[in-house]
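Considered here are two forms of the same protein chain, supplied as structure tokens in two stand-alone entries, structure 1 and structure 2.
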Structure 1
Amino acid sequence: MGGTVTAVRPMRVGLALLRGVFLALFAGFIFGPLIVLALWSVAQQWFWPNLLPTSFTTRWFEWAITVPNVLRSLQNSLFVATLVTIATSIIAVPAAIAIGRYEFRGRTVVRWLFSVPLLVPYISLGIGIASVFYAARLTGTYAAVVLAHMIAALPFGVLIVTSAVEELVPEVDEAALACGAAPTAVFWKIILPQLVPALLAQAGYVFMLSMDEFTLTLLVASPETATLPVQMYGAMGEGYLQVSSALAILLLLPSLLLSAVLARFLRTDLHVTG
């Protein structure tokens, strides 16, 4: 039947076309906003009805890194993120090893406690600690910002390392014991080295989370201790389109880079943040 044979081909072509168009529209939806952001960050002039900026400049970036309070917020961000990464690692890694490796009474409760910050709305955490810091006159201090970020980072730090610890094969420990290594040696020579990728992923993730954190910082920081996202929000509010776009790009690029590196280590459910 020649009719059916020829009828199939246009359908195939139609389907392929449909898929292509759908993928293109979807790509446009995902990339569009980011492209606009990038364009604004280098736009000298971009007025309706022009499709694209009519002239370009890099001076918004120069601005962004020379204006004193922006520079200061960048320094704050780096300072806070470094402290948060170190402190969270020190706290989360031993806890994760304890949870992932040992059976003890109350293990389930402890595991659950560490995920409490993920169960309540992010803003609830924010208002909660903001009011505590306010009462304790900590609002606006670096300590407040660092502690706030640590609350957000701790569940992820614990989760990342715990899941790596649980993936360790118990026979490998046993093999080391059989070879004559005492438990302490097994820990330092066999267990810890196997966790290195997870520890790096944990540190990278926490650093990125702290750099990007906005909600909690907005609630507990002062202008002196504000981080880059808060500064960017201020610039947006004042209508400095190009400057806030440039700041956004400055924040976005390292985020994307680190995400690409971490993508191999992380599961989807670890991305949930307000």
Structure 2
Amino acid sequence: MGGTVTAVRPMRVGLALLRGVFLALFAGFIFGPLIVLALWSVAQQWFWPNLLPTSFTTRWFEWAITVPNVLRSLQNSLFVATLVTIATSIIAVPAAIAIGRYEFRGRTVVRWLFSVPLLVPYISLGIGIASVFYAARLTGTYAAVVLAHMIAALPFGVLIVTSAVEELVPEVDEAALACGAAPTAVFWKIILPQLVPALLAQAGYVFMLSMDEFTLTLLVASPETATLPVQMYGAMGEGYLQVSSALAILLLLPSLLLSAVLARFLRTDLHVTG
């Protein structure tokens, strides 16, 4: 008996060590690039085989803040992402309710059409969009960038909200209608409050997707309407790794701030509901 316990104990230690190694490797795989990015954004000198920069500086952020093109690109990113998020939410709610709640002819085809942009490579999608926008003389405008981002983001917005709509209990709406409630009141007071977590999730995802979008923006934007990822691409192409890292951190900050706000709001909302 004692020998069995003695044999089992090293096995448990070994399994615990193996789990620890696996978690460490997984964390390194996920957070390693972000750590390297943050280090490059403040590195004055960093040469192999040094594991850390030998000197640090904030000049790359100072450069990013003072260069007019960078600030304009960041403002463009925030402006476009906000418009895309609002427009996608306005379209996603009725589309999701129609697809997830009602039976109608062509419902499967409509759901499939919303999924098509997810199946097409962005470069192929972008060339088609750019050719249409060029013919319509939209290329280089904010409208072109917003519409291009919406084509990429709308499927995610609709599918996320549709999943939430399919989880709703239709008997609640039917009971409210049977009691004399108007359809608009049922939507605003019963359906929409239940969809708030899904709407916040899709809004956050669409905002981050728009902030990060590069391929479609490059094909339809002009230097005046280009977003920050396009500016980062130019800096990387010229070999400015530290500058590109600083720009990437600037691009990351709005998404992190939005994620924190949404997480706090959702925790509060779920706590009140519970």
Partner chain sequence: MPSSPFIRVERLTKRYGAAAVVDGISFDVDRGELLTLLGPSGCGKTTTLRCVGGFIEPDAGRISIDGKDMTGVPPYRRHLGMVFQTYALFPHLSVSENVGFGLRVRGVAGSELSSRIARALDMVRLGGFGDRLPRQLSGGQQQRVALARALAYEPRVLLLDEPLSNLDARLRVEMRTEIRALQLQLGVTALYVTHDQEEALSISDRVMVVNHGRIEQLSAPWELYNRPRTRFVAGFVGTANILPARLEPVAGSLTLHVADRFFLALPSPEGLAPGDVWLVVRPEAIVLGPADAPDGASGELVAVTMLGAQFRAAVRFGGEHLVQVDIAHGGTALAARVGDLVSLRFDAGRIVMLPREPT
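Structure 1's sequence is the ruler for residue numbers, which start at 1. So that the term is clear: the rigid core is the largest set of C-alpha atoms that superpose within 1.5 Å between two forms. Just so it is clear, the model here is predicted, and its values are computed rather than measured.
Form assignment for the chain places structure 1 as the one matching the criterion, namely the form predicted together with its partner chain. A displacement of 2 angstroms or greater separates the C-alpha positions of residue 172 between structure 1 and structure 2, with the rigid core held in common.
When the rigid core is held fixed, the Cα atom of residue 32 travels 2 angstroms or more between structure 1 and structure 2. On rigid-core superposition between structure 1 and structure 2, the C-alpha of residue 252 is found to move 3.3 angstrom. In the rigid-core superposition between structure 1 and structure 2, residue position residue 22 carries a C-alpha shift of 6.0 Å.
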